[in-house]
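So this first bit is one chain, no partners, the form predicted alone, shown in structure tokens.
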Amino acid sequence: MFVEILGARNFEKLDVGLLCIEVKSAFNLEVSFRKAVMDFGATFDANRLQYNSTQILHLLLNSGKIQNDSKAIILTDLDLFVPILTYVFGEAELNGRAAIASSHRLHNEYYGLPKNEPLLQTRTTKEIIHELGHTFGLIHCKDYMCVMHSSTYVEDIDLKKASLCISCKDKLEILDGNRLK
């Protein structure tokens, strides 16, 4: 089992090497990064001026871009939504193979604040680990410091750590039978 981060669109402000190291540390799995060219045009909602993250997940699952014995997460800068929410930072298949995370609302500039690239890196790392946690079957955690805690606002992301709490580590099941500690 390994994880692939698929960079789609603008991700140049991020240190993808550092991102891979932090994700590897969270799940104790090999993590790689590669650019992915995908057409998200059909997932664009002209009324909302956003992209439907659920439809993007379906595109990924049907694209043939997910290698056997892997989980894949798209990293993009698109503004994402699901129909019942104004926006989402990401979405994942629970106990599945695919996820997506967006940096669109993770930039300080989005909120009228000065650029802060280290903070963008940290927020993106947390969001990637959070969504991948869902692909491993983890649900939202009540511990606000755990990376699996639900994040409605970017401030929620800033409060939590980039790691799983002990309870979530205990719940995490690795296919080869190893448990993370």
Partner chain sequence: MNNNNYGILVVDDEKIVRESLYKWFLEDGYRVDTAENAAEALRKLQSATFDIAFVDIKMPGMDGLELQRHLKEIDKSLTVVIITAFASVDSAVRALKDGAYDYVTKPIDPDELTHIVNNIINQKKLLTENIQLREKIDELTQFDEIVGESSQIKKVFELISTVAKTDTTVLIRGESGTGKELVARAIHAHSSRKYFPIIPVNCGAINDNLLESELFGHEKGAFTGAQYRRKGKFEMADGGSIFFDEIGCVSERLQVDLLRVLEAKQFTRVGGEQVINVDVRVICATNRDIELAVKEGKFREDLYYRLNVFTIFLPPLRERKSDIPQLANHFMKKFSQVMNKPVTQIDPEAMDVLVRYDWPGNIRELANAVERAMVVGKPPQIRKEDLPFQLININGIKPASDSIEEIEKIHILKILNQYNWNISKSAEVLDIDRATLYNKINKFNLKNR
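As the structure is a computational prediction, the values presented were derived from the model and not from experiment. Numbering follows the first chain given and starts at 1.
Omitted here: the form predicted together with its partner chain. The next part is about that form.
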Partner proximity in the predicted bound form: L57 to its partner chain, non-hydrogen atom cutoff 4.5 Å: yes
Taking heavy atoms only, is A92 within 4.5 angstroms of its partner chain in the predicted bound form? yes
Looking in the predicted bound form, any heavy atom of D156 within 4.5 Å of its partner chain? yes
Does L113 make contact with its partner chain in the predicted bound form, using a 4.5 Å heavy atom cut-off? yes
Look at the stretches 22 to 30, 38 to 46, 62 to 70, 147 to 155 and give the one with heavy atoms within 4.5 Å of its partner chain in the predicted bound form. 147 to 155
Using the arrangement in the predicted bound form, list in sequence order the residues of 126 to 146 with any heavy atom within 4.5 angstroms of its partner chain. H134, I139, H140, K142, Y144
